Each structure stands twice: as C-alpha cells, then as structure tokens.
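One chain is shown next in structure tokens, namely the form predicted alone.
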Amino acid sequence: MKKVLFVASEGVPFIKTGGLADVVGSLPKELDKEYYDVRVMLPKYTCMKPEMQEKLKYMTHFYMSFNWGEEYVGIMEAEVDGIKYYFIDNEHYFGGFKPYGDNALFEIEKYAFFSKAALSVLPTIDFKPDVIHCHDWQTGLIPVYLKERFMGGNGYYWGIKTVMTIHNLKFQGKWGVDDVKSITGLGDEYFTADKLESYGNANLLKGGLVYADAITTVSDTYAEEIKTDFYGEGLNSLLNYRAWDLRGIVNGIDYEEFNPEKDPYIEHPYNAVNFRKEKIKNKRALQKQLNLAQDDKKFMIGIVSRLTDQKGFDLIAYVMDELCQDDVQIVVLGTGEERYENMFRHFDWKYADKVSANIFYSEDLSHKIYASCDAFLMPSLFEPCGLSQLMSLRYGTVPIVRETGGLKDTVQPYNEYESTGTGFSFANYNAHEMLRTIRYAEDIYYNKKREWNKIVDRGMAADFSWKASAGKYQEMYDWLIGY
C-alpha cells in the first residue's frame, strides 16, 4: 500500500476560500483505495463551522521549538467519506474569524509553523508517507525543512518524497530575508539566489519549487505559460530549469456535488436527455427571483467570480454599455474590487430588467446561475485551471472564455463548419475581441438553435470528473516512489 499525505491550508468540507479547497477535498477520494492510503493534513482553524468542529477528536499534543520559543502543537483527527484527516491545533496561529489574515508577516510565520509541525507530527500519528503532496506557498517550507533537518537523525524521514502543486503562481509567500531567517531557523546558506532568495526577498513557494522532487500545476497550458516572462511571476527561469520535473494535470470537479439531476439548490432537476424541456424552468425561476424581464427566449449570460483584474473584468467594464444594447440578460454574482462592484451596481440600476448585480457570495445562487443561464462568461487574463467553466459544461451552460491556462485546455471552441466544440473562445486580451465572441455566441443561440443545442449536448457529455486526473496523479506518485 502506497502512502500519500496531502498537506494544505484549506480543504472541503472543513474550510474553503477557493478552488484549492475543492482539489484537496475531492482528489483523495478518487485515488484508488486498493493501492493508495491517502490522508489529509490541515490547520485547525477556530473559524471552521461548528458542525465540522464536532467531527474532530483530540489525539495528543506536544511542544515544538519554533521562532525562538516553544510552541504548542495539538493533533486532532476526523474521518469523512472514507478519508482520514489530521489537524494541527494552535490557537495563536489559527484563531480568528477567517483562515487568512491581512498581516503578511504573521501569515509567513503561521504557515512556517504549520509546515514544521506537519513534519514533526508524523512519528506521533504513526503514518510515514511515501509522498507528501504540498499545495501552494503555505506549504512551501515542507520540502525545505524535510531536506534541511528532518532527513538527518534517526532515519525515520529517509526516503520520503515531496510534490509541490502550484494552484496560482501569483501568490508566493514573500517577505524580507532577515525576518524569514529568524522565524524559520534556516541557515544563511538557504537564502541564496539558487534557493529561497528571490529579488531581494525570501520566497516560500520558491523554496518548495527548488527542494520538491516533483512539481505539478493545474493544467497543461498553465504549465507551459508559467515558463514565460508574462505568466512566470519572476519564477520562470527556475521553472524552465526544472521543466523535466514539472507537469500539468487539469483539475476535475466533484460530479456528485455538481449534478443538475440531483442538485438540492435548483428547483427543476434535469439531465443531458431532457435539458431542452426542463432547463428553461430554472431560467424562468431565476428571472422571477432577480426581477429580470420574464422572457424564455432572452440570451442569459452568467458570471460567478471574484471581481478582479485577473478575471478579465477590465475587459467587461470597457464594453459593458455596448453589451447592454444587445438582446441579452446578464446575471453577476461575486465580490471583489470596489470599482467592479460599483460598475455592476450602476448597470443593474441603469438596465434593471437586463442586469442583476448580486454583490455577495451565495452557494445557493451560484448553483442556480449555472443551471439557469444559456452562457457563462469567463474572460480571464490568466487562469491556472478554473472550475467555473467545468461546472458550466456539466450544467449545459455554454462557456465563453479567453484561451489561457485551464480554459484553453477544457473548452473546445465551436467550429460551425465541422459542427464541433463545447463553447466559444477568443485568444487576445482585448475587449472588442471578447465582445465579437459574445455576439457570435448570441447569433448561434438566436439563429441556429439546433447547433446551439448540439454544443450543449457535447458539453454535457464531456467528462471532467476527478477520475482521469486521479489516474495521472497516481502515475506521478508511482514514478516518484519507484514502482
């Protein structure tokens, strides 16, 4: 039995702020239990929902030397969906009303503590992994600490391999060298340009990328993009140097949770066979709920997103007034930069029966948007993988995306001559190219309804469950372990 330990700062069903949590919650369930014993380690945040905290059982605790003192390390465990979870408990670091705080230096200290504690608890929980699978900068110090201090001594840690997965290269865990050196206890020799030092700062993610045995990211295209200056966020030279150890494996989604036939959030369930008759009922219900014009035929575009530049909202802002002249409805859900929040509020006021701006987040409403809209707009500047377009395909809502990262890998552009494709896409980061693509989709929707329904058919038939991705992770673990 091969043993794999996932270590991450968040994971469904315990704590979630973004797509990382979905990966950490879904992937372990899909790995073949006959050959792999997969467990997950997370921080025990005090802001976890009470019903999830009740699942945790105290195991033991000890004190660990860290940052010039002795820190309490509590260990708790839980089991959900056949997966064993371990939690590192320390209220000084993991207290508060949300998992991530605004004090960058404290965040560095918090996850340095978490990384060291994750390795320190292994003999205590009696689980020696063959592979530790680390996720994002918060766990970047695990491969460093493993090689720097844990592999010496009694030999318990010998032979453990590490994988570093980049979910979004923009976030790296950077701070001044002197502070990070003091917090981590790592020697001067670790803060050189070929190790943790990067443009004058210490960089935790870089440490993980230098010391990990393998590196993955969340789509093939993103794995290529991050080797370039534009997408590489200052680490492209290192990623080119480690190109042989870098692979892209596209994320999946949980096909049980995102299933239009059984989704508890939608009023009218449907499937790939009956969507022509049944899906429209969800559209009517959403139009009514959001006070939009009640019209079955209106081309309804959904947006569920953080409202930031990365997600392409500067493009949308540039042509929004123009787009609102078309025969469309636009439903927006999300929060983010104030200028984009206010931009959507303005258009909601100006075109009340056409635009619905919902400047908050709601799981309930997000599912209703996926199940009700005709198209889903996602014009990202960069998108390591993206999950919204996968959910759209699953719900028969046609994605309109920019060809970057995982969007390029998962949405096949419509070709009217061959009658192929699952969505619409554009290549350049240009507002009018996006608008032309939206209008092309409108034209097919209004004037070639049979073709549109075939696009929906192909999208709903595509398989982006975790099964295929899990197989690729298994291949990588086998290669690392050596059998």
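Just so you know, these numbers come straight off a predicted model, no measurement behind them. So that there is no doubt, residue numbering starts at 1 and follows the sequence shown.
The protein also exists as the form predicted in complex with adenosine-5'-diphosphate (ADP); that form is not presented, and the subsequent description refers to it.
In the predicted complex, adenosine-5'-diphosphate (ADP) sits beyond 4.5 Å of every heavy atom of V163. The shortest heavy atom separation between E363 and adenosine-5'-diphosphate (ADP) in the predicted complex is within 4.5 Å. Although the partner is absent from this view, S182 stays clear of adenosine-5'-diphosphate (ADP) in the predicted complex, with no non-hydrogen atom inside 4.5 angstroms. For L333, a non-hydrogen atom is located within 4.5 Å of adenosine-5'-diphosphate (ADP) in the predicted complex, even though that partner is not displayed. Here the marked residues M378, G386 and M391 all reach adenosine-5'-diphosphate (ADP) in the predicted complex, each with a heavy atom within 4.5 angstroms.
The partner is not drawn, yet in the predicted complex one stretch among 187-195, 143-151, 74-82, 370-378 has residues with heavy atoms inside 4.5 Å of adenosine-5'-diphosphate (ADP): 370-378. Here is the short version: of L20, A470, M460, I15, the single residue with a heavy atom within 4.5 Å of adenosine-5'-diphosphate (ADP) in the predicted complex is L20. The listed set N259, N236, Q289, Q310 contains one residue whose heavy atoms approach adenosine-5'-diphosphate (ADP) in the predicted complex to within 4.5 Å, identified as Q310.
For the stretch 298-317, the set of residues having any non-hydrogen atom within 4.5 angstroms of adenosine-5'-diphosphate (ADP) in the predicted complex comprises V304, S305, R306, Q310, K311, in sequence order.
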